[in-house]
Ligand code: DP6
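The chain below stands alone and is given in structure tokens; this is the form predicted alone.
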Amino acid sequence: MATEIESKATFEAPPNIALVKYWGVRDPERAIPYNSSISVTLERLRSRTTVRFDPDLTEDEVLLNGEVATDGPRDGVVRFLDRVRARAGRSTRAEVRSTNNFPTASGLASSASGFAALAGAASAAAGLRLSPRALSQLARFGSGSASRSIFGGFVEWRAGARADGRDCYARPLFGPEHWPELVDLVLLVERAPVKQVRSADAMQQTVRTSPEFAGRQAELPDRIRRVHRALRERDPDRLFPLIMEECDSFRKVCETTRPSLDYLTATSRTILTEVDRLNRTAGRPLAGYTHDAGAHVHVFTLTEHLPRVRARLARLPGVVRSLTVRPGPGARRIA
């Protein structure tokens, strides 16, 4: 058993935006998704998490963005710490301090970056020395998407086929430098609601009730291959329509869930319509939209088209801020 002494580590981890989504797990206990997924790790946006194991603490203390966490958010962190403690063979309680430099619980993958940072900080502070693959496998128990935030650039989370989940892990496909001309215009919309139902719960409701779920699963292997190829060949004419097709498929299963999961606002939907109109006017795909379980919208384009795309979208009524980000590095220890 590890010596029960104070130990501390700090990690930073980025959010990622999925170009091919996962939505639903076939084994909740092992956090194994129904399908593989592909994402882009985003630069500049970060969760920073410090974990300090302290033998003088009688219970875990969790601060998220400067506020004491309670109920579900706290419970999720404590369960994750329990998993790390069991693996490290120790029982010390911990102080966790985590901050994001971007909006939380609004569809910008704060749970992915937060649990990736927690996985790194907690395992290091507990004395575990995990490989990046093992760290991605650990992170998914906090948030499935967190497995992808361990790596930079373009990342695939492999669902695997084994019942024990050993072949379920994220892996880098291409580094951040692979496609430097690709940019993500993130459009933050007003009155973006904070999610009332955790994605982990919402997606299982989709699995149980959406009549579109099985059809989506049948489509995904081919779509994943096509997205992978478009990324490999840096082909925007293929990629942008594909990620919109995928986003529409994801939204359809959400909206046909009972009760319906509608994450978008009127502004979000206007953005999607304007991207379609922009592409039709240009006679070619200048941009491609996607979103996760939230109201903010990611619009991918190339550097050469960014001024035109931003002028069209960033001034729409209801868009309160736009961020321009590129593929960036993965999680790292900073202290």
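What you see is a predicted model; the values in this text were computed from it and never measured. Note that residue numbering begins at 1 and tracks the sequence as displayed.
What follows is about the form predicted together with the named molecule, which we do not show.
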G120, heavy atom within 4.5 angstroms of the named molecule in the model of the complex: no
Please tell me whether any heavy atom belonging to V227 falls inside 4.5 Å of a heavy atom of the named molecule, as the geometry stands in the model of the complex. no
Given that the named molecule is not shown alongside this chain, does L220 nevertheless sit within 4.5 Å of it in the model of the complex, heavy atom to heavy atom? no
My question is simply whether V309 lines the interface with the named molecule in the model of the complex - judged by any non-hydrogen atom within 4.5 Å. no
Identify whether the named molecule in the model of the complex is within 4.5 Å of every residue in the set G144, M203 and A293, based on non-hydrogen atoms. yes
Single option in F250, Y169, F154, W179 placed near the named molecule in the model of the complex, where near means a heavy atom within 4.5 Å: F250
If we take heavy atoms and a 4.5 Å cut-off, which stretch out of 205-213, 90-98, 136-144, 231-239 is in contact with the named molecule in the model of the complex? 136-144
